[in-house]
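One chain comes next, on its own, written as structure tokens: the form predicted alone.
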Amino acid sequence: MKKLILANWKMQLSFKESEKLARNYQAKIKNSVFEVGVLPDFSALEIVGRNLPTKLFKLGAQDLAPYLKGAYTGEVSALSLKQLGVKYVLIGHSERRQEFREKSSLLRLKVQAALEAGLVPVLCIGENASQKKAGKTASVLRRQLEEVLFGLRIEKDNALVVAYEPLWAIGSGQALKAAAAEAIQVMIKGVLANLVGRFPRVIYGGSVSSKNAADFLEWPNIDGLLVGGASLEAAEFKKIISA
């Protein structure tokens, strides 16, 4: 499988700004050796998808409802996302876990909904600064994976992506060293092999920029990147996916 680079625009752009950035991507980015996904907010999914060539860019969503259909005001179904052309969907991003208090039981339902609809869940995991300092990184990541994925049937390796994002690195400008990230990715893959019997891609996120992207991507077990703020400028993102 190709390495995967996902651009998470979060809630940083208006509808018009999202449309403009999509057009800038289209104008500036003509090819990449990587698989590339773009994740705008819900309101811009259709317009962004319309402005990006599908041969190069895959469409992604930043969240989804834990159920496929029903009286759930304000939620967005995986089935609707599928109809919009979405392939990837973030689940359990640290901002969802922290700001919206999302627990593993809810994330498990979201992963199930994504799988049932034929979307690829991108399950985000990561330790905070105090857990890292206490040497609990491995146990925290293993627990997060087990609580969400235990007993779930993953049909093939490319039906799931795991994104490792150390919480202390996100938006801090202090990314984990690439060699350390490689070691953690290896550990995660070992857990996944035992847990779901598959070898999905495990990508890294957390203060990724054009200055460090190539360092991460040269390691064999870092299967790609989840990019936040650096994806909000087409020229900067082009450098990352050209690394």
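Numbers for residues come from their place in the sequence shown, where the first is 1. What you are looking at is a predicted structure, and each value in this text was computed from that prediction instead of being measured.
Just so it is clear, the following notes concern the form predicted together with a small molecule, a form of the same protein that is not shown.
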property: 4.5 Å heavy atom contact, residue 37 and the small molecule in the model of the complex; result: no
property: The small molecule contact at residue 10 in the model of the complex, heavy atom, 4.5 Å; result: yes
property: Contact flag, residue 85 vs the small molecule in the model of the complex, heavy atom cut 4.5 Å; result: no
property: 4.5 Å heavy atom contact, residue 93 to the small molecule in the model of the complex; result: yes
property: Stretch in contact in the model of the complex with the small molecule, which is absent here, among 50-58, 178-186, 204-212, 23-31 (heavy atoms within 4.5 Å); result: 204-212
property: Sole residue of 113, 169, 149, 141 within 4.5 Å of the small molecule in the model of the complex, by heavy atom; result: 169
